[in-house]
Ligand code: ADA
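Read the single chain below, which is given as structure tokens and is the form predicted on its own.
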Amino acid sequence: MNTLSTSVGGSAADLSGIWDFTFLKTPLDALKVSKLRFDSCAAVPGCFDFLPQCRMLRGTGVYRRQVTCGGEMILTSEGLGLRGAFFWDGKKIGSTEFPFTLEKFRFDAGAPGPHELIIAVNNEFDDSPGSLFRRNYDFYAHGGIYRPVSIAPVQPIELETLQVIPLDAKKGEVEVTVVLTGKTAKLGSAALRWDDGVFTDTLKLKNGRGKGVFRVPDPKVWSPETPDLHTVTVKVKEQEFSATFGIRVITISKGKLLLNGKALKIAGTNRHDAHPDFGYAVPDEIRLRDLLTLKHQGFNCIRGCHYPQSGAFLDMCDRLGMMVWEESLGWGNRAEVGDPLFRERQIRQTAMMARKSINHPCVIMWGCLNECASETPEGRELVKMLIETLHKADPSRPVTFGSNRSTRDICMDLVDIISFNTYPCWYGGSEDQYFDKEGLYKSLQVLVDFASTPEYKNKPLFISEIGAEAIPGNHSGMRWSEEYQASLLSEAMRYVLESKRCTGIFLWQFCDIRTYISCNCQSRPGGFNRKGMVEGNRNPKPSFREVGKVIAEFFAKKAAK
């Protein structure tokens, strides 16, 4: 058994490593932790359904390790799935129903010394209306602790919020919000330090809360070309709390999306934070390699589909200047959009996502409810709730969602940005076996015309999904071939980049991913969605190179003007 040593006055300790493990065909609510027998080991982070004894099975994976500490502690789980329960010395200290979501649990660890921590994770499908992860979702429902787990002693004063909202990029003006808990009654102010400077600014506090506008000394503007970052440190008594942020402002004007006053043209792709060998516990080395590969091909934005992204991934995007559309968990939700519990959970997890990622300059827009029933009154009600939730949590970023309801959608007046998921020349329509460029352009023009009507013309327009599956090695030139996919994606990219009405495009998708557990997998060869421009192991298909050429040609012409 592993041993971790922390002290009451120490900092957070990362619990990543090899834990004791066992797999059971037992639901979480029936688990008897006192009677468990641990007969194997598993990595944290990791997906247990890649282990040989429970490969692709549904059930409960139980992780155990020893932690040496005592007193009041905070356990942080950065994301697991599909649901989890946390036990300390056999007593339950918390649970979560929110996959991919950062959660914190405060508890009394007892006397200093060795203690037993158990995390039980269940990946069985919950088919009740309130379930956030449903069996028809077009991405695999892995079980495991996807992201790091850490533990830290409770401090006399704890930081709940340190939020920095850029107001003016040129002046370096930002709004800082601080929320502290604990012994805050006698705190009248906090000292602020920028980057490596000294504590020069003061933020007034009342009941541990404060908000103020400040100017960052020697401000550097964040952009894809100059991804400069700043740090603010807040000091109260002898404790210090820091946050990294970027100075950049996102606005909308006359149908354009502006970054620091300059109109953006988005050459983007959808990317699942997944890998065929690691599931959602993607090693940082692979994440970084993905980002560098995409930047090398000219892509400037990623849609993080279809769940909150990890802090580590967003940190990389901040540093590399890769813009991000981040969205909360949802896919193809229909009848459940009217369910009270589903709505409550959607609102909670969406607000939690915004709070987690608000300081990341790479995140330029929020999203929610991919391909929901947005042509129905019930769907409209929920879309409205979530847009209001995001605007309340963060008024500085625009909000959108990927709609596949085309001109039947009744929610386009609610969003800041119109985004359409569309698959011409792949789903429905023509039965042609060879790529129909004219048909593609006609289909896209229908959406452009719809978004150009008086009520929508001042909203930016995205093609948020478009693509075709390509089986590696199929060179017939017809549907399912690598050549067919290359033609469709490169022409879709060219159409959008050259369109004066379109702000950008997110191709579906970066890499092949594992999907579906149900009989729907028969429509996905080998249980994979193979619309990726690269294979699951990241070997590029011809489409990746062809799309890269289109992007390079467009931005070279733009720079030459």
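Please read all numbers here as calculations on a predicted model, not as lab measurements. Start at 1 with the first residue shown and count on from there.
From this point on, the text means the form predicted in complex with the named molecule, which you will not see here.
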Have a look at 217 to 225, 420 to 428, 247 to 255, 361 to 369 and name the one stretch with heavy atoms inside 4.5 Å of the named molecule in the predicted bound form. 420 to 428
Which one of H306, R479, H230, R287 is close to the named molecule in the predicted bound form, taking close to mean a heavy atom within 4.5 Å? H306
State the residue from E336, E158, D138, D318 whose non-hydrogen atoms include one within 4.5 Å of the named molecule in the predicted bound form. D138
Is it true that H142, R271 and F278 each have at least one non-hydrogen atom within 4.5 Å of the named molecule in the predicted bound form? no
Should N529 be counted as a contact of the named molecule in the predicted bound form, where contact means heavy atoms within 4.5 Å? yes
So, in the predicted bound form, is R524 in contact with the named molecule at a 4.5 angstroms heavy atom limit? yes
Touches the named molecule in the predicted bound form: F48 (any heavy atom, 4.5 Å): no
Does the 4.5 Å heavy atom contact test between F125 and the named molecule in the predicted bound form come out positive? no
Given a 4.5 Å distance limit between heavy atoms, list every residue of 486 to 515 close to the named molecule in the predicted bound form, or none if there are none. W508
